[in-house]
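The chain below stands alone and is given as structure tokens, in the form predicted on its own.
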């Protein structure tokens, strides 16, 4: 078979890899001048750093397996992480159950309720039981309103903005249930995985493997339209870098674009399927990366449970990954998930840095502007879909109503939250669907 693939991120490359392994021809078109999508990298201090922070949980078995298949297993390190929660002007340790018991903004009874229900969620495999209720309502009913207001509401507001009270409890269940596998038995701290050559190296090696097995990959290559005939999808209208538009024929097409882009590429989609696509709301990711001459904190990850802070997370990359990979510099991500219309999304990187500095002093009172050696600003559209109640009933199928046309994007990762691991799993699964359907014809 000849299969055209739109998108050179984790899902698109994984699909191409699965196809070429089975002797088929896959051709990938990526509009950006690089591969890896949200896991792409840039140079800092002589090393490669992800534009958006990335790590692996022990439960991320699909990405781990792929890394080993590519011969990069010896570069995959499992490291202990340190997690904090900023509340009431203080960073609280929040890595273990004992840290929870020391969290004085909640009463002892409230802390025990949080621990008990977190344990219950970690042991509950039936995610469907949470589909019909929002995270706000479930947490308020089981852990208590005070717990919701102190811990969960600021986090949900930061992650989902104006949609915070619409998010399904299934989404939050996934966050809790799937992370327990990254902890050892008893009260051990979380361990996270990172490929020491960067995730960018993983996707570059994956691209090389696809090419060696007969596939093709084009960067800076736009797809203008999916060609649909009486017998389904038959090709793609593409524009390669510096060339005129052309049409290429395929036996099947896999799109990994956000839903709102997919509807533009395929205007002939039936109304019922199109409705599932257009009804999904997305938020963007806005990241400011600070390169510092010293640490900001001693934590890898600080969740911000304070609605007045202008960012929702602080990920200090070099508190887990050796700073020598970046010339001895310290790397800090400041993350947000705004809508494209928001004021924060519109601001420049310099404006955001100046806005953030006074708040960084709440994390570390000694922080000074002079600590910042460099800063970077990245925006990713379509980064976080809004997962509401009963989402499984509204989720678009990978097999679209148009024969030989398949969709694989983050709105179809469920009940887990979107992530590199699940994009790899989805890409390989959809590639197998393509092969199964062709064999059945």
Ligand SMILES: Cc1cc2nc3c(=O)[nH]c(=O)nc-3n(C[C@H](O)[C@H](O)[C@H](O)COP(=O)(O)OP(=O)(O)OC[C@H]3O[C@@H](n4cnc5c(N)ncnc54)[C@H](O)[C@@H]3O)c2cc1C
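Numbering follows the first chain given and starts at 1. Source: prediction; values computed, not measured.
What comes next is about the form predicted together with this ligand, which does not appear here.
At the 4.5 Å threshold, heavy atoms of residue 168 stay clear of this ligand in the predicted bound form, well away from it. The shortest heavy atom separation between residue 404 and this ligand in the predicted bound form exceeds 4.5 Å.
Interface membership of residue 265, defined by any non-hydrogen atom within 4.5 Å of this ligand in the predicted bound form, is confirmed.
At a distance threshold of 4.5 angstroms between non-hydrogen atoms, residue 31 is in contact with this ligand in the predicted bound form.
When you look in the predicted bound form, the only residue of 56, 44, 70, 389 with a non-hydrogen atom within 4.5 Å of this ligand is 56.
Picking from 366 to 374, 250 to 258, 267 to 275, 100 to 108 the stretch near this ligand in the predicted bound form, with a 4.5 Å limit on heavy atoms, gives 250 to 258.
When contacts are defined as a non-hydrogen atom within 4.5 Å, none of 76, 200 and 319 contacts this ligand in the predicted bound form.
Scanning 218 to 235 for heavy atoms within 4.5 Å of this ligand in the predicted bound form gives 221, 222, 223 in sequence order.
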